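Read the single chain below, which is given as structure tokens and is the form predicted on its own.
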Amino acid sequence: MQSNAAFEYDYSIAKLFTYTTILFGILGMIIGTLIAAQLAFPELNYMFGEYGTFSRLRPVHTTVVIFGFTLSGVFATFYYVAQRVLKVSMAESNLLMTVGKIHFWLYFVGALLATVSLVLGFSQGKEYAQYEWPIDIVIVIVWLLWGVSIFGLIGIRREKSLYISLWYYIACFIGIAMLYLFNNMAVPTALVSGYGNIMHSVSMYSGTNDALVQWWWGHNAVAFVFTVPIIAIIYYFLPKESGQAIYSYKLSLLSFWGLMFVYLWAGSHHLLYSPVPDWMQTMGSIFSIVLILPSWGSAINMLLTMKGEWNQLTDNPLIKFMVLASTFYMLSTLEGPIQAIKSVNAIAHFTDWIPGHVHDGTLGWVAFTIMAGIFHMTPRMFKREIYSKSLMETQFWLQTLAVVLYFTSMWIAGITQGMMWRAVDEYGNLMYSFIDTVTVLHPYYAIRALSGVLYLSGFLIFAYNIYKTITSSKRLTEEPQFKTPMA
């Protein structure tokens, strides 16, 4: 067995996925900023004809951020983390290297084609599952290739025990494999009837069954893309960056199994006050509230990892990113269960409080964690120190301000909407028309658009910093053990 000092890992695939993380991050955030501006200034809907309307671009934004930016970050960190915690190099297996390269290129080309298909208007009309059936087949193949990489590396590992991050990566693989497959079962209409567009399909479910399967998937897309693999990322990079062991390995396992058992059954809280059976709605609310326990278990474990080392926040921007990400995770996983309480949901549902909650998690928890992971990996993959610490600090504060502006403006807008929609006079008539609510909310929509500009600006600073790190920063003679070196 080789010593760790002499061991060389192969980061070629991790590097490729790092590039796509940044590429899809820029694309998804540009589109997100544009559609936020369209809500505040509707005339922007007509800039690019039918291809530039909010209705056409909104699913492009969500899927590029989920399946482009986030999954690229998950894949990039996996191909970096798995080798190191398993003490094995991808280069040791020609099969795994080939599978990894096919995984990347099929994913990249498929993601670009999938994005173009949505721009052209091909959509199933399902939240987080808009892609039509040919794209779904490509996604299934890509996912299976990742599974081969996961279990192939585990099969040839030198390290006997599986670090907790790998548990979360495996859960991501199994959860999405099951849920995505069942939710996207459809019949291609042209192949069956001989008529219509070859891209079009009809779901194999109908009515409330379709709704239940959709939100079984929809909420667990949040669980197994935006939560589980992001916990995997921070459980590796926070200890490695800080030099601190995880506060409690037992708590990490307890939280893992809690998330696995509880998260799967919370999806029906998206269907409160719908024709879905009442007991299912109640079950969704109860499991959502119980979900606070394993979620906060993970977040508290991350924060307590820094116990006695909070001074690192003053001079290491990477620790700031990860600690604030954990804080946003706590906030988001408290807010979601509160919105799942039936009496609260009666006000919150269909309002802007919901995207406020979603973006608190995606911008503050998911993106901060992925960017921190890339900042940690880049000097070790390319053997160069981070180009500029001051740019990292600027990015951190700019994006933190953006997230705060986003969720506070949407909290106010959402609660205002909910209360105005429910307001009635003494005769039981609605006091406000729909357009009245739109007029009142305009300032908050403008603030959301501004927050999008600020967050996008921070991400462009991040991309520039990584680019300069790779191309022209000071070379490292040896790999840093803990704190990432930065100029």
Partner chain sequence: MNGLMIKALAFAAVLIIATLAVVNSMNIDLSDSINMITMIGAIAIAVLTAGVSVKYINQMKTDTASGELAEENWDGIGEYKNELPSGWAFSFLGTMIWGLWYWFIGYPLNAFSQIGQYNEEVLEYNAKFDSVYKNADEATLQAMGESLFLVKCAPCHGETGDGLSGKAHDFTTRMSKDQVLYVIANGSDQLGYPMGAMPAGMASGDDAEAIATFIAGGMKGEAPVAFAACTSCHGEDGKGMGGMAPNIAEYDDLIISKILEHGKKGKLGSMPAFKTMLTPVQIKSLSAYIKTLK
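Positions refer to the first chain, counted from 1. Take the two forms, find the largest set of C-alpha atoms that superpose within 1.5 Å, and that set is the rigid core. Every value quoted in this text rests on a predicted model; they were computed, and no experiment measured them.
Below, we turn to the form predicted together with the partner chain, even though it does not appear here.
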property	result
Region of this chain that lies against the partner chain in the model of the complex, out of 440 to 448, 454 to 462, 24 to 32, 66 to 74 [heavy atom, 4.5 Å]	440 to 448
The unique member of 137, 293, 106, 181 whose heavy atoms fall within 4.5 Å of the partner chain in the model of the complex	293
Of 412, 398, 99, 391, the one that lies within 4.5 Å of the partner chain in the model of the complex (heavy atoms)	412
4.5 angstroms heavy atom contact with the partner chain in the model of the complex for residue 94	no
The partner chain contact at residue 145 in the model of the complex, heavy atom, 4.5 Å	no
Heavy atom of residue 327 within 4.5 Å of the partner chain in the model of the complex	yes
Any non-hydrogen atom of residue 112 within 4.5 angstroms of the partner chain in the model of the complex	no
Contacts with the partner chain in the model of the complex, stretch 409 to 426 (heavy atom within 4.5 Å)	411, 412, 415, 416, 419, 420, 422, 423, 424, 425, 426
Core-superposed comparison between this form and the one not shown, residue 43 Cα displacement 2 Å or beyond	no
